[in-house]
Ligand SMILES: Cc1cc2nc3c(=O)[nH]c(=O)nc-3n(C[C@H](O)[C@H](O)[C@H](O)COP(=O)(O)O)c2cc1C
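This document starts with one chain, in the form predicted on its own, laid out as structure tokens.
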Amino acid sequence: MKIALIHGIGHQGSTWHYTDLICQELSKLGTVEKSEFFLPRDMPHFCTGCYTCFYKGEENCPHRESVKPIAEAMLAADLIVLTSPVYGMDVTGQMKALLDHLCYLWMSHRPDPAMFRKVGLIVSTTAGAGLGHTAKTMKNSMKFWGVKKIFVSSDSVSAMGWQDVPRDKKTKIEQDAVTTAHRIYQSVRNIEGVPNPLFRSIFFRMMVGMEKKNDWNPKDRIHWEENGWLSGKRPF
């Protein structure tokens, strides 16, 4: 199994340990090949809102040198993992910056056909509140990329660091890691048998109608035409 891990922070805190437990369990089920990125080290730029990726193509993004390796690892992976602790009731600033850079992959622009066969995992922890909103921010990007199956593992650890997490809380997280790893493994192995998400089917159909009328962004329109999606072909 190929895994692309993108961490929204550089240090190995509770969120990293939670993720690592899941990866350890996955490695017990089969061979795991990881591509791991830490933000902001591996993508230090904020999106400038220049629209270059939308109108001229992602290869022209001024920050392409940093974004490209992450995007390529995601497209090559069976499992995409996004992780972020809660910062101000949401993801870290650098995770949000990366998600902004990857909006060209949304179904409302130029979704990659490979994304429709991916499994996703969201991992988040907090000392207090904000888990739901934080996980939703990352999950929304995966949904609009077209990811087929998305798992969420999150917990309020009631501690500032992993070393201070209560033993009963760690036990709960360890148990969740085992369960989640097995569910991910089965989904990756049987990706064809995973039901198509209703949201994806409906939104894709809406975008077909939009792209047929698209006279404002030739780059997007050509992408949909070349994939045959405006002529009845579907990527799922």
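Residue indices: 1-based, along the sequence shown. Small disclaimer: the values here were computed from a predicted structure and weren't measured.
From this point on, the text means the form predicted in complex with this ligand, which you will not see here.
Inset, instruction - With this ligand left out here, work out from 103-111, 151-159, 137-145, 68-76 which stretch has heavy atoms within 4.5 Å of it in the model of the complex. - result: In short, 151-159.
Inset, instruction - Using the partner position in the model of the complex, report whether residue 120 sits within 4.5 Å of this ligand, counting heavy atoms only. - result: Taking the distances in the model of the complex, the answer for residue 120 is no, it never comes within 4.5 Å of this ligand.
Inset, instruction - Check whether residue 166 has any heavy atom within 4.5 Å of a heavy atom of this ligand in the model of the complex, and answer yes or no. - result: It does not: once this ligand is placed as it appears in the model of the complex, residue 166 has no heavy atom within 4.5 Å of it.
Legend entry - Touches this ligand in the model of the complex: residue 11 (any heavy atom, 4.5 Å): Residue 11 belongs to the contact set for this ligand.
Legend entry - is_contact(residue 126, this ligand) in the model of the complex, heavy atom dist at most 4.5 Å: Yes.
Inset, instruction - Scan 183-210 and note down the residues that get a heavy atom within 4.5 Å of this ligand in the model of the complex; none is a fine answer too. - result: None of them.
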